[in-house]
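Only one chain is given next, in structure tokens, and it is the form predicted on its own.
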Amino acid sequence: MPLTVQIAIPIFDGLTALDAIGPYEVLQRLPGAEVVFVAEEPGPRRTDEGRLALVADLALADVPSPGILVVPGGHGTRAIAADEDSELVAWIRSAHERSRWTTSVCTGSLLLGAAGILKGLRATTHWLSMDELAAYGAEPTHERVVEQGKVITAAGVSSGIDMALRLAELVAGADVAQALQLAIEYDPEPPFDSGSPLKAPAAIVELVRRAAAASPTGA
């Protein structure tokens, strides 16, 4: 039987594009899945560099109970998480109560943390934001994808594709997930083994730290 599941990806100014689009490319291929981009109000939201916009067709209020929640990250998460009256954080908290799966990519986990979802849970985020994650009561880990009950967090940016494939497996089975991986030809062979601070040369890690500290967008 085809699936019937609504997957909501909330977007906001200052999000990282691949955090949202990576999982979207996987999950929109699930049979019977409806993937919707939502925001406080419908309309475009600019990514962290300001050069690209994604469009929310629906308001948060229009999608109160998605089956699956995928929260992207980006520098815009900090201001949202710090806002005690944030409509998005309140929506995440409420949607999580009824969701089948609540997930995040990169610093999207900070919004889960602000919603009180990660207290006492192992979780991951972008490697430059581990201290921020711990401040929400989570136990940070450098694992690429972390499952804690119905909460799944993914590390930085590209790891959202890995998370989405695992989510596809949980929802529809391994055969479907493998078919989706083949459909998008996700068979990475990077030219360098520098995709994690645990593997990259120390000089490269420091270079990225300095660049992030100097950038207004950060990690």
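When you see a residue number, it is the position in the sequence shown, counting from 1. Given the structure is predicted, the values throughout are model-derived calculations rather than measurements.
Below, we turn to the form predicted together with another copy of the chain, even though it does not appear here.
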Proximity of D162 to another copy of the chain in the predicted complex, heavy atoms at 4.5 Å: yes
Taking 4.5 angstroms as the cut-off for heavy atoms, does E49 touch another copy of the chain in the predicted complex? yes
Might G156 be said to contact another copy of the chain in the predicted complex, defining contact as any heavy atom within 4.5 Å? yes
4.5 Å heavy atom contact, D62 to another copy of the chain in the predicted complex: no
In the predicted complex, residues of 114 to 148 near another copy of the chain [heavy atom within 4.5 Å]: T125, H126, W127, R144
